[in-house]
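Consider the single chain below, provided in structure tokens and representing the form predicted alone.
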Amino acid sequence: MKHLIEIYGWPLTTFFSACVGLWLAILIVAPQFFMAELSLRFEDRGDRLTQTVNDLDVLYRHKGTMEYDLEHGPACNTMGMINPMMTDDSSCAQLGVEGKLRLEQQILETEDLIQSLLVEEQNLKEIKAQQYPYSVKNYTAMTGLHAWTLTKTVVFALTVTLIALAACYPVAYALALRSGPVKTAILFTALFVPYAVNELMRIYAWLTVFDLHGLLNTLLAIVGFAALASDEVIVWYRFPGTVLVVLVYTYILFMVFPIYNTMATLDPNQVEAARDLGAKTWRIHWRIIIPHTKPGIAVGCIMTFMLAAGSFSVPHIITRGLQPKWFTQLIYDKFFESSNWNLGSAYSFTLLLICILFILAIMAIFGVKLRQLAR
């Protein structure tokens, strides 16, 4: 802070600090606090409060449909939705006077019912809050299948991290210590060019590789290992390895650049001195390069693991529904399919806690501190 004040002065430093504090409070602290609070409120999906909330949703939709019918005519509606094929007012059937009066009465009755249910909902919430203010039932309610899904997701994320580390360490070493300026520029360009394309487009490009009549099956058919007949084609979407390959490809840059950034700060004379003293290549890496690169390896592992564990688009698109769901897909289903935000928050917070524990474990394994990671 003192260094910032010397550079920018008190006014700008105070403004920057306020912006950072506001950003942390609104986009990080407040959502996590809200999610944690929701996760500790158990919602019994079979109780009267839940039934009341569901009834209110139905009544609101029914009221909206009747109001639209009253204004435009019932022929413009199809199952409560606007018919896109009917854009001309003349195509809408007009209600008579008696029909309008009957519909207005139904709308009034629906509004009365909504108001009574709103009062009942508020009373039930107050009673429930007094009896059961907080509970850990959302965390203990995770079934065996969902617990297995969480375990599988974490194991897959760890596997992706290890594969990316094994693949990226030699690349970072070649970029930082074994390549000249021209070769380094070519390698950087080769790494960057695929990532200039949108992530979803890159994921869908992999579908053309693993498709039933895609590139991989076509190549196997050419060399005689498989046929393109529908009964003999290999369904790659069923194999977990397809998800691993695409996850590694999608997040590999988040491993290679932190390692390269720290490895590039190593003095090459240390490596040359070790070689002159007769040290073998593996010993140079173990005693000189890896200890110097520990912060970059730690950052790369943390970023790759968190991105892989929290990935939604890759497992959702690549598996095509032929493999068990990823844990992030379960969280999505709880929020948007079953509208159980309490259980979804518990699942989300569980995944967040696992990521935090992974960060602490990596810091302990590599012996780095938070300040070193921030660099």
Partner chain sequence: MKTETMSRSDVMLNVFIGMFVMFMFLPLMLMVMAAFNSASPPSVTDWQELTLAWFPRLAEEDRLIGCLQNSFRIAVFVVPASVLLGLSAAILLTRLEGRATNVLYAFLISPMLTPGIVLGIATIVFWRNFGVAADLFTTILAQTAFIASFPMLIIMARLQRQDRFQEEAALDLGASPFFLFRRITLPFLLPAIVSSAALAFLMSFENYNTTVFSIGGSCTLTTEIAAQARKAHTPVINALGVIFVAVTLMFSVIYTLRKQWEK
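This structure is a prediction, so every number in the text was calculated from the model and none was measured. Rigid core: the largest C-alpha set superposing within 1.5 Å between the two forms. Positions refer to the first chain, counted from 1.
Same protein, other form: the form predicted in complex with the partner chain, not shown, and the subject of what follows.
With the partner removed from view, the residue among 221, 271, 290, 253 that has a non-hydrogen atom within 4.5 Å of the partner chain in the model of the complex turns out to be 253. This chain is displayed alone, yet in the model of the complex one of 167, 114, 233, 103 has a heavy atom within 4.5 Å of the partner chain; that residue is 167. Though the partner is left out of this view, residue 368 does not reach within 4.5 Å of the partner chain in the model of the complex, counting heavy atoms only. In the model of the complex, residue 20 approaches the partner chain with a heavy atom inside 4.5 Å. Though the partner is left out of this view, residue 275 does reach within 4.5 Å of the partner chain in the model of the complex, counting heavy atoms only. In the model of the complex, no heavy atom of residue 238 sits within 4.5 Å of the partner chain. Taken together, the three residues 151, 258 and 364 all stay farther than 4.5 Å from the partner chain in the model of the complex, as judged by their closest heavy atom.
Residues of 340-359 that come within 4.5 Å of the partner chain in the model of the complex, judged by any heavy atom, are 341, 345, 348, 351, 352, 355, 359 in sequence order. Core-superposed comparison between this form and the one not shown: the Cα of residue 9 travels 2 Å or more.
Core-aligned CA deviation for residue 194 between this form and the one not shown: 2 Å or greater. The rigid-core alignment places the CA of residue 357 less than 2 Å apart between this form and the one not shown. Wider separation of the C-alpha atoms of residue 7 and residue 295, by 3 angstroms or more, is seen in the model of the complex than in the present form.
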